[in-house]
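Below you'll find only one chain, the form predicted on its own, shown as structure tokens.
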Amino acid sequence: MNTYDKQNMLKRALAEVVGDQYVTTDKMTVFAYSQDASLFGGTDAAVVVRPGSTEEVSKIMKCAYHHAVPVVVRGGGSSIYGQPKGIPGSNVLLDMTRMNKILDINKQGMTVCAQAGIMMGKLQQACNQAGFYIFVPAAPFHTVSLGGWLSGAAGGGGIWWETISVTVVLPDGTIVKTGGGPGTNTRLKHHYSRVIGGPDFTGMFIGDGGSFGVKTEVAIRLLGLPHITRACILEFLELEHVLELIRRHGERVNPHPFDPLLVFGPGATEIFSPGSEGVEKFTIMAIMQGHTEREMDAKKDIFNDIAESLGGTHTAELDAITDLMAGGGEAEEKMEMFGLSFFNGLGLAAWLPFNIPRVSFLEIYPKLVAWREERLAEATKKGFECRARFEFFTPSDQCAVSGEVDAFFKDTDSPELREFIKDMILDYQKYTHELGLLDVYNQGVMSRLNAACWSPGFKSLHTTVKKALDPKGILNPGLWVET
């Protein structure tokens, strides 16, 4: 049987599962999936199928497993490091975006259950309207799917510890529900814990890049939506003092979710305050979100006292911004929308993220900035115009600091510029790995860079689990290791 006949046979089999309108081999449609938001590209597929339920995903995987056909799963296509390549020209691409429904918001139990193809912006809006808070990525939260975020970017950073159950379709089509609730124990009706009654298999499917199974439904714990916002914004001249502020802040409160501390470096400060070029200055924004004015005002006063004792200074301009930010919980959504449009307007991005143990930050962070400057000097020699630098970092918890030292170029149609930025992103990550860092994006080329640093024992464990769940190696080939 030739390739054309095989594709038609596969298309007919998939159409019996999802219907003719949700499966295609049309060349123009399939080509669109070879692109994504990154410079590293999407997946070269033979067939694209769009399931609408867990049961349909199960039937698709059973068919693919039987015929040993590679399957690549796609959510919003927002990875900055590309998608798994699979077996180019032979892949079934599983587009999860039809599975975008809220299944249940349990107000008494404070949980939400949703299909994994839902975009985080839609999920946030539904939770907010019901009076609950759910953490979402600041940008681009309108194009990041729940399943993709849990699989790749930081393993759903900010919600992984609130994720209490995932419904997963294994490569052979078996449906598994994890968590200490109705998935583990058939006598239970409600999700409330991920560890009671069995091992934490929920954690196994978080941050796996999608290599162990296809996520179809997720249950997440919620918090009450904060209605009061307060902010403190100060300037610092010494990075050491900034880091000490982060340490003292993390001693008192968990920065996630209602007490984030945002630090903007000199390049970002120049964007916000034109004329500050050449001044090594850090702008600190502390946001307090909660439920009573008394509580938030007390947090603001305490933070100000600590920051001022470390040399932080106020300006009339920054204090005016804090006054504007004081208000209701809807301020968070407005800030996120500002962030999305803001980044879109800076130019063509060389995204240079990092995740550094706080105890190593003072040693490593200046090296990352210096590395970027060397590459920007090279870009200038090549005639590429850097329009902006953007340094940003935040304590993600007591132990780690996450952020970016991005550069933005004047957007042109030059393929040479895009190739330069692509190489810059990849070379930067190779450099950070040499410094002992592992990036939070378990996707595309980044998964393989991370896996190259695995210890022998960890690599053996992953290989054992992968072979047990996916003996034919059909699910997302190319993740973690080259195919």
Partner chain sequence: MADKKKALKAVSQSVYSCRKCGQCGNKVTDAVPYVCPVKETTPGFDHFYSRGKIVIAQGLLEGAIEPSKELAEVVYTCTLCGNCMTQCGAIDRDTGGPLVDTVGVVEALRTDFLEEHPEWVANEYKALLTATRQYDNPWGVPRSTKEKWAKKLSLPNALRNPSETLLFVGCTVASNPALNARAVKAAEILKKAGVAFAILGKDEPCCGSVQKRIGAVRQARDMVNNNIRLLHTTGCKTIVTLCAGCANALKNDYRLGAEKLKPNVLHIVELFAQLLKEDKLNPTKKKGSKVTYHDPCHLGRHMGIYDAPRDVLNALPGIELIERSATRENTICCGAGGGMRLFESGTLAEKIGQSALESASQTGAEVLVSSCPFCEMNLQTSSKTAAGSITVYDIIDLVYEAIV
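Residue numbers count along the first chain shown, from 1. All values derive from a computational prediction rather than experimental measurement.
Same protein, other form: the form predicted in complex with its partner chain, not shown, and the subject of what follows.
*Asks:* Just checking whether His291 would be counted as a contact of its partner chain in the predicted complex - the rule being heavy atoms within 4.5 angstroms.
*Replies:* Flag for His291 set to no.
*Asks:* Give a yes/no on whether Gly197 approaches its partner chain to within 4.5 Å in the predicted complex, heavy atoms considered.
*Replies:* Gly197: no, not in contact with its partner chain in the predicted complex.
*Asks:* In the predicted complex, does His433 come within 4.5 Å of its partner chain, counting heavy atoms only?
*Replies:* Flag for His433 set to no.
*Asks:* Applying a 4.5 Å heavy atom distance criterion, does Arg74 contact its partner chain in the predicted complex?
*Replies:* Yes - in the predicted complex, heavy atoms of Arg74 and its partner chain come within 4.5 Å of each other.
*Asks:* Out of Thr167, Ser78, Gln115, Thr163, which one falls within 4.5 Å of its partner chain in the predicted complex, going by heavy atoms?
*Replies:* Selected option: Ser78.
*Asks:* Give me the residue from Gly158, Gly311, Gly121, Gly173 that has a heavy atom within 4.5 Å of its partner chain in the predicted complex.
*Replies:* Exactly one listed residue reaches within 4.5 Å, namely Gly121.
*Asks:* Does the trio Phe393, Val405 and Thr463 actually contact its partner chain in the predicted complex, every residue with a heavy atom within 4.5 Å?
*Replies:* The answer is no; none of Phe393, Val405 and Thr463 reaches its partner chain.
*Asks:* If contact means a heavy atom within 4.5 Å, which one of 442-450, 419-427, 63-71, 34-42 is the stretch that engages its partner chain in the predicted complex?
*Replies:* Only one stretch qualifies here: 34-42.
*Asks:* Determine the residues of 19-50 with a heavy atom within 4.5 Å of its partner chain in the predicted complex and present them in sequence order; the list may be empty.
*Replies:* Result: Gln21, Tyr22, Val23, Thr24, Asp26, Met28, Thr29, Phe31, Ala32, Tyr33, Ser34, Gln35, Asp36, Ala37, Val48, Arg50.
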